[in-house]
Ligand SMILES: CC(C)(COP(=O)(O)OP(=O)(O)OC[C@H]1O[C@@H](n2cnc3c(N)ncnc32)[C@H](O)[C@@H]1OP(=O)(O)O)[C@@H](O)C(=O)NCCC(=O)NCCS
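We begin with a single chain expressed as structure tokens, specifically the form predicted alone.
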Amino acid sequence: MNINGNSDTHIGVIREAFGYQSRFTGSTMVFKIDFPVTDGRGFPYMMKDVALLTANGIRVVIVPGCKERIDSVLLKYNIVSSYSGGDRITAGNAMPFVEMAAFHVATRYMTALSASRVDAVTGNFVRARGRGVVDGVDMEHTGTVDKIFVRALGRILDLGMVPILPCIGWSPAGKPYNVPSDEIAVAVASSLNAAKLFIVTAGDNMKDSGLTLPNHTRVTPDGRIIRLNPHETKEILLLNQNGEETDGGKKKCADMLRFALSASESGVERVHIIDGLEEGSILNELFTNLGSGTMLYADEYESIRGIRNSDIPDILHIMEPLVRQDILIRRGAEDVQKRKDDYVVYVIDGSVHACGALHDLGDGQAELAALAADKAYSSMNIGRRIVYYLIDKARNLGMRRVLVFTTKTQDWFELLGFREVEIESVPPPRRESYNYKRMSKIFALDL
């Protein structure tokens, strides 16, 4: 089988999926799904994907958004709805219709899941209290989360059922309140120690955001923001705070980032913003490393570290295409094992996607070697990150110069600041092992 062919790509995806599936079994995930997604043609297929997750042992909680549905119901009954600070002011005469709309949307989820033989339930899982008077405005029946009934939700989840939480909470006296779905989603994810919170939107807003991004933001070639940490998210919000008033698309993206950030700061390790109108977006985001959306991560998602014995097959696999192109020399498992301490790998969510080595040549000089990266991740510049990491390592070890021997990548190294040198400047032991048949060019970077 051709290692660079489509079959190998599919096998890699399958391996990723199995790795994630075993990791996520038994974990809790919360899905906050915007109403336009619920109302879309692809909604039944999304629910089939959610059913697939529950069948594989993932505990799912759904918080349906229903703003647009509430708007249409209130309009139908000629009830005027106003807003303050972005939140609906829920008048007393509107509250029964808000409840009707919210539970109608929840019923859609129960019906769709039942088609895949997944049991779902709604209930009074949210205790609420009134928002009261905010900046001089009486919010009336608009509330805020007071408590999530975790034990009740846990019992439902233990039975393999899917709890559905509409945007309604009740006071201890039984008074209903209209509570923002975003707030419920964050509170539930935090209270249940959910592994993930999915913000499922209508459209790939984080790709066509119009946001001004820092240069270091990781994006795909088509412009999708791949992932952010809380610091990077705050940086983007700061850069764009003056443009939200006039640009609706930018404001929507900024609002989603604030939503994700609030969840992260509430203790949710990973928050994913995905396009619910794209078929399979949930599975793609969950079971592949590159995903399909934008992830805000609070934990250590990716890192460069020293290698373990279990990494060696992955390292050889990543290097193989470059060996076939005569860019790298062939190494065996024993060769890597012998110099194990020289190697590092770039790991994304537990999977190895790049490697490199730094060999001490003596005389204050070191050699960069075995540099390879998974082609599917080329847009992330992970090969360059490995190089920078090893350069820093050499500097910390007191090296005065880093060398690289290359036959086909000299332009790339020149962009990184390397300059060509003669073999006479190479320490004698390495000079003696120089392969005159390959006639590699030698480049150096003075530290």
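For every residue, the number given is its place in the sequence shown, counted from 1. The shown structure was predicted, so the numbers you read here are calculated from the model rather than taken from an experiment.
Same protein, other form: the form predicted in complex with the named molecule, not shown, and the subject of what follows.
- The chain is drawn here without the named molecule; in the predicted complex, the stretch among 367 to 375, 225 to 233, 121 to 129, 280 to 288 whose residues come within 4.5 Å of it by any heavy atom is 367 to 375.
- With respect to the named molecule in the predicted complex, the three residues D363, I391 and V421 uniformly fall beyond 4.5 angstroms at the level of their nearest heavy atom.
- For the options I58, V37, I382, A51, the one in contact with the named molecule in the predicted complex, meaning a heavy atom within 4.5 Å, is I382.
- The named molecule is not shown here, and in the predicted complex it never comes within 4.5 Å of any heavy atom of M399.
- By the criterion of a heavy atom within 4.5 Å, S27 is excluded from the residues contacting the named molecule in the predicted complex.
- Using a 4.5 angstroms threshold between heavy atoms, F43 stays clear of the named molecule in the predicted complex.
- Contact annotation: K67 falls outside 4.5 Å of the named molecule in the predicted complex, judged by heavy atom distances.
- Interface residues of 82 to 121, taken as those with a heavy atom within 4.5 Å of the named molecule in the predicted complex (partner not displayed), are absent.
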